[in-house]
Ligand code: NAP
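Only one chain is shown below, in structure tokens, and it's the form predicted alone.
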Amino acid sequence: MKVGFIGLGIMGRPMALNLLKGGSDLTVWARRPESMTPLLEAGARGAGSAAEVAAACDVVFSMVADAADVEQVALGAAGVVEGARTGLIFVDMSTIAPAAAQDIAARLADKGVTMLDAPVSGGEVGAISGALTIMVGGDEAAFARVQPLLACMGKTATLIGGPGAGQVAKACNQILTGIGVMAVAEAFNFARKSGVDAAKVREALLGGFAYSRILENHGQRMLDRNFKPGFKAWMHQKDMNIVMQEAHRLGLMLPGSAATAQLFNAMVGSGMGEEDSVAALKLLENMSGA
């Protein structure tokens, strides 16, 4: 299959490079031409628009910021739908609302394009190492066709259900990771304000029921004061906003998610939006007078 990739940012660039390493015949496009340079140097072909990518490919992946960007890439002027042949599979790996994914999938289906929503978890580190967790919604036959490609980018790819189901799973992931990051930040801030070494606390907790990957990985980054973005705070704010919008639509009470969403709002409002979400520790320290 000839493969396309649209969106070459922090996540998209290493994901596309892993498709190249896996032997894909790859065509790429990004709104910023300089973003394509590492892919072109690695052997990919460049295109002048999303439509040009679609015209050259059997499968097109996208990794962009939000639902408006996905809609533009898929259905807008010079978008995928303008270049697609009947039978094209469009795999959007962005994180957007389930309802938005369902709407875009339905509109693409009317044009003969099959869409899979396939958001990921694992951040920049997982994207670089090809160890992402991929959650997929959509047609089972299309999923089977693209599984070898997903295997180049992720350690697992799970078909959750129909259109939008991948985005539901990603929203659940963001609830758990968002609350988890805030919980670790609260624990470390509590330890330090109590005059106790947070590193020793983490060491002890890693051996008990409080163990989590977030405590292990993100906790160490907090201790190292390493706030270089792998997953920016504004991105987590966006994802928690999706969770809360869906909760309102479904009439659900999600108290932990609501509190976490407000904390990410505070991070962005305090000028920490471009830092990693683990900078939540700094927010809590500032609020505590540290």
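All values derive from a computational prediction rather than experimental measurement. Throughout, we count residues from 1 along the sequence that is shown.
We do not show the form predicted together with the named molecule, though everything after this point is about it.
Student: Would you kindly say which of Thr156, Asn217, Ser129, Gln72 lies with a heavy atom within 4.5 Å of the named molecule in the predicted bound form?
Tutor: Flagged contact: Gln72.
Student: Considering Met267, Leu19, Val278, Met11, which brings a non-hydrogen atom within 4.5 Å of the named molecule in the predicted bound form?
Tutor: Checked against the cut-off, the match is Met11.
Student: If you check in the predicted bound form, is Gly79 within 4.5 Å of the named molecule, heavy atoms only?
Tutor: Outside the cut-off, so no.
Student: Does at least one non-hydrogen atom of Arg32 fall within 4.5 angstroms of the named molecule in the predicted bound form?
Tutor: Residue-level check for Arg32: yes, a contact with the named molecule.
Student: With a 4.5 Å heavy atom cut-off, would you call Ala261 a contact of the named molecule in the predicted bound form?
Tutor: Judged by the heavy-atom cut-off of 4.5 Å, Ala261 is well away from the named molecule in the predicted bound form.
Student: Should Lys238 be counted as a contact of the named molecule in the predicted bound form, where contact means heavy atoms within 4.5 Å?
Tutor: Residue-level check for Lys238: yes, a contact with the named molecule.
Student: Among 227 to 235, 53 to 61, 248 to 256, 40 to 48, which stretch has residues with heavy atoms no more than 4.5 Å from the named molecule in the predicted bound form?
Tutor: Result of the contact check: 227 to 235.
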